[in-house]
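Only one chain is shown below, in structure tokens, and it's the form predicted on its own.
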């Protein structure tokens, strides 16, 4: 099913001729695309203010700050902010991750100035009032208590500790109970003052608004934002590869299900290896009923409630992992089946038919993911974050079809060594 860049489907995807990219004098990057088929507008974006800046003894600080931003500013109280949004049916929210603090919002086009005004105010003038800080602390601690009893969450966290040992990616961005308890209001204020700023900020606006007018509206609200001494992220440290298979169990007594995560490192998002790895991962544990992994571990052997593989790729080194939920008594059997399937994957590779099915799936679902304003807004953010280029989505079908079974095999062998794996389990060590 060859697709050429001149096809109507490809031409309807975002490209350099219908994406407006503007860099404001203070460094903020604005990406906008007009869509008058909908009366709404979607905002998506981020600031380089993630947990990468957290002191280890106060891990979760970036997450805490992002959660506290909308709890009141110098001009509007917590309730006033929400009342203004709700009165026009608009939304706005913030969340933090490892590298950034992200934000998203939506409104009717006529209410975009209101949402942008609130966004600018919240980013520049949050108050971090004590009463809300303590309420948020209680909520965050409750969330961490729930996480500590979640076998899938704790297996994933344990996996990261093994695979990314000595690297910032080994640390949970939402912190630990003891680090959240250590964070003070002054910590929130100081983090915001030193890390939040225009440099490194990206915002995309998609919907019923002229592209250039969208950039002008952002300039009106955020164009004068200046921050002397805004701290910038440093270079990520080199990740040391595993020298042996490491197996670690996190005990959560009384659980009838245990979760298993087995895997290794993966390419960065902007690496040439990403697409062959992604297509290979689809065949390994995604496509259909969770690919080969799902077929062997769940369907044929009946050893797992679920089993699939995933590829996590971002700014730094990623992870290529297989996850499964099993009865505690079946952990070892499931692990052995997963490792055997990884061996087969890197020994024998994939068939032309398997690849063709995955390629058709990748190409076919792209237009679906870009049918909504939110889908396009997120796509524009990814273009900027990972330096993919404005023509990336139009070139994407051709790039997908250019991948060969040999490319997938070479990439799989580059990253997956079945003798050097991180193996994490969480749950009860005895069957309930």
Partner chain sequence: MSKNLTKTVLPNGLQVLLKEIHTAPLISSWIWYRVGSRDEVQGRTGISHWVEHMQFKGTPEFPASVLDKSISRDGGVWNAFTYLDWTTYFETMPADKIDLGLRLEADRMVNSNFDPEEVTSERTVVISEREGNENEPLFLLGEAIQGAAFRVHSYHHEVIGDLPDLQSMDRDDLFQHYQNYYVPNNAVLAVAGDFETQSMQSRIEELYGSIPKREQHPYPARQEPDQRGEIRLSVEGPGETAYVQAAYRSPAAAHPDFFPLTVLDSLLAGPSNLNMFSGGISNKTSRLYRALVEKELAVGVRGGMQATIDPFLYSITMTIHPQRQPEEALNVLDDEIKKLHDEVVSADAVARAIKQAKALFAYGSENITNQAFWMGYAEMFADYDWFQTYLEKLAEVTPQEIQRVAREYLVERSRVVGIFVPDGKEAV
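This one's a predicted model, so the numbers in the text were calculated from it and none came from an experiment. Positions refer to the first chain, counted from 1. C-alpha atoms forming the largest set that superposes within 1.5 Å between two forms make up the rigid core.
FYI, the form predicted together with the partner chain isn't displayed, but the following is about it.
In summary, among the residues 34, 395, 40, 48, the only one with a non-hydrogen atom within 4.5 Å of the partner chain in the predicted bound form is 40.
Scanning 75, 343, 135, 248 against the partner chain in the predicted bound form with a 4.5 Å heavy atom cut-off leaves one residue, 135.
A residue is said to contact a partner when one of its heavy atoms sits within 4.5 Å of a partner heavy atom; residue 399 fails this definition for the partner chain in the predicted bound form, lying far away. Looking at residue 304, you'd find a heavy atom of it within 4.5 angstroms of the partner chain in the predicted bound form. Taking the partner from elsewhere, residue 372 is found to have a heavy atom lying within 4.5 Å of the partner chain in the predicted bound form. Residue contact with the partner chain in the predicted bound form: residue 231 places no heavy atom within 4.5 Å of it. With respect to the partner chain in the predicted bound form, the three residues 113, 129 and 185 uniformly fall beyond 4.5 angstroms at the level of their nearest heavy atom. With the partner chain left out of view, the stretch that reaches within 4.5 Å of it through heavy atoms in the predicted bound form is, among 160-168, 102-110, 311-319, 185-193, 102-110.
Along 334-368, residues 357, 360, 361, 364, 365, 367, 368 each place a heavy atom within 4.5 Å of the partner chain in the predicted bound form.
Annotation: Cα of residue 110 displaced by at least 2 Å between this form and the one not shown, core superposition.
With a cut-off of 2 Å and the rigid core superposed, residue 55 has a Cα displacement that falls short of the cut-off between this form and the one not shown. Shown in the overlay between this form and the one not shown, fitted on the rigid core, is a CA shift at residue 89 of 2 Å or greater.
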